[in-house]
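The chain that follows stands alone, in the form predicted on its own, written as structure tokens.
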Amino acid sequence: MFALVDCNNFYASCERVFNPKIKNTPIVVLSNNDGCVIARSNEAKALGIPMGEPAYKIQHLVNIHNIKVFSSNYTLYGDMSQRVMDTIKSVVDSVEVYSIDEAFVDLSSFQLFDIQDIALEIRQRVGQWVGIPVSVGMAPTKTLAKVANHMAKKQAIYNGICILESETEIQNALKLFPVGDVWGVGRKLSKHLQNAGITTAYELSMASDSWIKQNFTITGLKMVHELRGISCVPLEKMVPPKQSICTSRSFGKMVDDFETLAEAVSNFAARAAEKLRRQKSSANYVIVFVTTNRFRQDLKQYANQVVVNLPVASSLTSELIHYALIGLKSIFKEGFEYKKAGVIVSGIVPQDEIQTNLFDELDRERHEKIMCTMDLLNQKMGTDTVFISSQRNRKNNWKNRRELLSPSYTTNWNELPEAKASSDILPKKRIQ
């Protein structure tokens, strides 16, 4: 048996943990630069606010219904996600962190236990220790666990926990489950299936293997087998290293000078270097790209990118910044207002499989020790406590516009939540 533990309305729930006054208030969280709706509480969904809706289009609903609007606080959400995952691991050992708000659990070692009790323990412990409500779906395969979790979250009768164990339970659930909502069925595949007369997950599970092979890949066949209760997708406890890493942002304000653009690119390269070191890898190539705002047809348009080959695969922040800025200089053009830039590192290899260069003069062992120390300080004291000088050239006016940002309650000493006791509730001193 597998379980899928999914946080309910995760971003909105994170905002409520330290602000209980908005527990039953409609909440929306906005994308970068406070552009579009990327998360909604159940109350906001009930008001008809769609995902991806531009913020300015819901302003009238915000005013009428007193909707609380937040800028996306990824620092807070990332830390709360880690707390949720650590709490799940305190109950069960075999956990695959699938996304920021989802985790698969392998329950094969709990055959002698009542899995309903395990689900209750996970749900209650995460709620008590972290304050985030979760739904738990359990089934013989990961794909069916997704179905069960969807039912646990959407149907109040399950009270947050749905277990699909018997063949009858599974078939009844699949008959009511739209094929477009099946894990792995995208919009294009969903349309293709519906054109073939397959509208439910049950109908897909009944399709013949020969038809599936003829029309879809081996991945599609695995998906169908999973719907039949045959486990084909094992738990991945170790996340495979990424083959490329992209760090990019749309700017809060248009950028027209090289110095500001260089500061942004330096920060993107630094983030990419940190991610490389985290997975014990190095990159052979640095790709830098810039683009203007394609939606502003009243402005001159320009977009370009360049690939820079590194002499030796590296994860050193200073080195990646150095070559990223070389690339930026080669594609930067005066007279344009840039809306976005980014850095991609690719040609990634394990740290212990780097092919050295006979003419490399850099003392890499020394620089790796410096990077290790810098990472430790930043992990302990906060992001960018120690940084490369080119990351701070000007006024950071390229950064995202986040005017409705909540505090980073769990990662910033200056933004820790405060508890205040009123003298009215303190015990009164007894008069002798």
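Nothing here was measured: the structure is a model prediction, and the numbers come from that model. A residue's number is simply how far along the shown sequence it sits, counting from 1. Think of the rigid core as the biggest set of C-alphas that the two forms share within 1.5 Å after superposition.
The following text describes the form predicted together with the DNA, which does not appear among the structures shown.
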Item to complete: Would you point out which of 217-225, 159-167, 88-96, 124-132 contains residues with a non-hydrogen atom within 4.5 Å of the DNA in the predicted bound form?
Response: 217-225
Worksheet item: Can residue 83 be called a contact residue for the DNA in the predicted bound form at 4.5 Å between heavy atoms?
Response: no
Worksheet item: Hey, in the predicted bound form, does residue 105 get a heavy atom within 4.5 angstroms of the DNA?
Response: no
Worksheet item: Does at least one non-hydrogen atom of residue 304 fall within 4.5 angstroms of the DNA in the predicted bound form?
Response: no
Worksheet item: How about residue 293: is it within 4.5 Å of the DNA in the predicted bound form, going by heavy atoms?
Response: yes
Fill in: Residue (of 405, 62, 36, 371) lying close to the DNA in the predicted bound form, criterion heavy atoms within 4.5 Å
36
Item to complete: Please pick, from 261, 139, 185, 313, the one residue with any non-hydrogen atom lying within 4.5 angstroms of the DNA in the predicted bound form.
Response: 185
Worksheet entry | Partner contacts in the predicted bound form for 113-146 (non-hydrogen atom within 4.5 angstroms of the DNA) | 146
Item to complete: Determine whether the C-alpha of residue 294 shifts by 2 Å or more between the shown form and the other one once the rigid core is superposed.
Response: yes
Discussion item. Quick check: residue 338 between the shown form and the other one - does its CA shift reach 2 Å or more after fitting the rigid core?
Written reply: yes
Worksheet item: Quick one: core overlaid, is residue 255 moving 2 Å or more at the Cα between the shown form and the other one?
Response: yes
